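Shown below, as structure tokens, is a lone chain in the form predicted alone; questions about how it binds or moves come after it.
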């Protein structure tokens, strides 16, 4: 895009301040800024900023109702074996793929580098990437073919992640069955709706949330690659859960045989205020209500048996039939706004570190995709068997607690 077109676009949206230092930049940095500006949707950003704080301006509220779920532990042996067989058939004919979201850094763990390169002793000394890879190797051997593994990285850790896999020989997995793609980024705005400068040649951006995975899959050609491979069922999970089952035949068979195009796993929340979203029906469609948004009344509501009415916590273990992703093509998911504290470059080119939130970050959530179907299958599983996240350096959801759960009986080659 010629420079005059960039300038006209910026003037139209009141964002011409981003070119203040343009004349001081060398050609390489000018090209970097030009490329970034070409890919920014200023109209979308304007609409997002205008919507901040609007909420339900008409006074309406969402209608929240419980979502039914199946309890894996209550399946009869016959029913479980039936689902297992159906799921294995899907995998044996090459219609299954696993996607791991691994765009984060291990900063909160005191680790330098991609979070997936963080090591734990379980009891072997293995990285989070290797733990997941070994599970896929085990399942691939069982179904006599390698399961395609798609790994979403970020702008920050893509090169390091690819290098890590190369240095470790892809952990014995065929390189042509491991496909990397990058998460998309969204510009951040200040409290006046202006683009924030990270440097004289760079606009401040933030990852667009785990719901952005669908946009990234389309933009990077992942969906097309899945079609070429004949993929029908796609598991999407995170890198930090060391008990995650990337290829669970029971979940796959349950969804396929019961007529669901969409599904997920849940665990019963520890208490009314556990920091996890819970499955629900929102305005008649499948959804998840975040722990920050659920009312005190609903969070603690119990049925006649003393069980939480809204007790099935979403653990980021989701399954999509490719038909759902095709239905979403081009539509994307709504953005949610977070008020954050962010360093920035002021009008004099000086780096500033604020003491309070000063910037708006826009993210989409993967569970907003659930509303594309009128129903979904939720499979409740045991926490100690399938959910041991590593999020914090110490305390709850730390390496210590995750490894403890892992060592209580889970096998890495399960």
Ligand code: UTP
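Positions refer to the first chain, counted from 1. We call the rigid core whatever largest set of C-alpha positions still superposes within 1.5 Å between the two forms. Remember, it's a predicted structure, so these values are computed and weren't measured experimentally.
Separately, the form predicted together with the ligand exists; it is not shown, and the next lines address it.
Shown alone here, residue 276 lies farther than 4.5 Å from the ligand in the predicted complex, counting heavy atoms only. Residue 240 belongs to the set of residues with a heavy atom inside 4.5 Å of the ligand in the predicted complex.
Taking the partner from the other structure, the ligand in the predicted complex has no heavy atom within 4.5 Å of any heavy atom of residue 220. Taking the partner from elsewhere, residue 140 is found to have every heavy atom lying beyond 4.5 Å of the ligand in the predicted complex. For the ligand in the predicted complex, the listed stretch (232-240, 80-88, 187-195, 320-328) containing residues with heavy atoms inside 4.5 Å is 232-240.
The partner is absent here; in the predicted complex, the one residue of 207, 299, 289, 203 having a heavy atom within 4.5 Å of the ligand is 207. Checking 337, 342, 127, 105 against the ligand in the predicted complex, a heavy atom within 4.5 Å turns up for just one residue: 105. In the predicted complex, just one residue of 283-317 lies within 4.5 Å of the ligand by at least one heavy atom: 316. Taking the rigid core as fixed, one finds a CA shift for residue 362 of 2 Å or more between this form and the one not shown.
The rigid-core alignment places the CA of residue 188 2 Å or more apart between this form and the one not shown. Residue 338 shows a C-alpha shift of 2 Å or greater between this form and the one not shown [criterion: core-superposed Cα displacement of 2 Å].
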